[in-house]
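Shown below, as structure tokens, is a lone chain in the form predicted on its own; questions about how it binds or moves come after it.
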């Protein structure tokens, strides 16, 4: 654990030095504050508070921003070390390969945690102070922040998988952008396109729900938009997740599986890779 912590702190220091943390905080905080101030106006619904509206907006925004930030953090975590020749030097120390992966992963998750806590958390505190707004619905906002970190961890893990499979940093960058497009944009376009051409209604509600779970970004959306009544009513999907049997525990478990699976494959490949 001491070695893991040392590697994690190294990644955190690199994030500070490279201004990754500052950039992520500015981007997330600015957009969150703007949406928070816009969403703090009365909603006209007795079931939806201002924070519920903000959760919907930020959850929709996070689907695009959080995966992109996570992939940019992680795509060269391994291939970059190989290109610079520092991986061989690192492994001359009394450290195992799995410790390298997990230490780096912990460090990158810490960077994302700081960015989300300062950006999203700071924005909502400023909004409450400036507008004397209500804190009703804070549980949904806290869930959005926590699940955003898990979503980021998913794409950090996917970035590591890319980084261990390719041989060049440029290839890793292109593949990371491709993954972002597939999970954030193309998958949903294909899924809804299939629904449009499904005249015989072969794709029922249960199958559609399972197909949504295949994509971690869709799982994140469902989790944040359906778990709390105020948010689900404001988003217009009240009861849909319950009818499909998608509990909060199941949704969170699927997201955690999306973290564990790529990390496991990364560890297996890295153990067999020649220096």
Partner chain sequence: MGEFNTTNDVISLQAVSKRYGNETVVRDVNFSVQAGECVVLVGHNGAGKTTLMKLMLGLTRPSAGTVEVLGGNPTRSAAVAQHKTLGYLPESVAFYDAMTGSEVLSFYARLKGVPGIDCENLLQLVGLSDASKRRVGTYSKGMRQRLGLAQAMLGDPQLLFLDEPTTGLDPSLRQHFYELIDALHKEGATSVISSHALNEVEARANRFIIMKAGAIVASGTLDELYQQAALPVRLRISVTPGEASSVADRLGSEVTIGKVNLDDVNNQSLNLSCFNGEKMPLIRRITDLGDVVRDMQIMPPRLDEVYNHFMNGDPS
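Positions refer to the first chain, counted from 1. The structure displayed is predicted, hence computed values, not measured ones.
Not pictured, yet referred to below: the form predicted in complex with its partner chain.
Undergrad: Quick one: in the model of the complex, does every one of 3, 13 and 90 get a heavy atom within 4.5 Å of its partner chain?
TA: The answer is yes: all three residues contact the partner (heavy atom, 4.5 Å cut-off).
Undergrad: I need the one stretch from 67-75, 109-117, 192-200, 94-102 whose residues put non-hydrogen atoms within 4.5 angstroms of its partner chain in the model of the complex.
TA: Among the candidates, contact is made by 94-102.
Undergrad: With its partner chain left out of view, which of 139, 86, 171, 205 would have a heavy atom within 4.5 Å of it in the model of the complex?
TA: Answer to the contact question: 86.
Undergrad: Just to confirm, residue 19 within 4.5 Å of its partner chain in the model of the complex by heavy atoms?
TA: Contact check for residue 19: no, nothing within 4.5 Å of its partner chain in the model of the complex.
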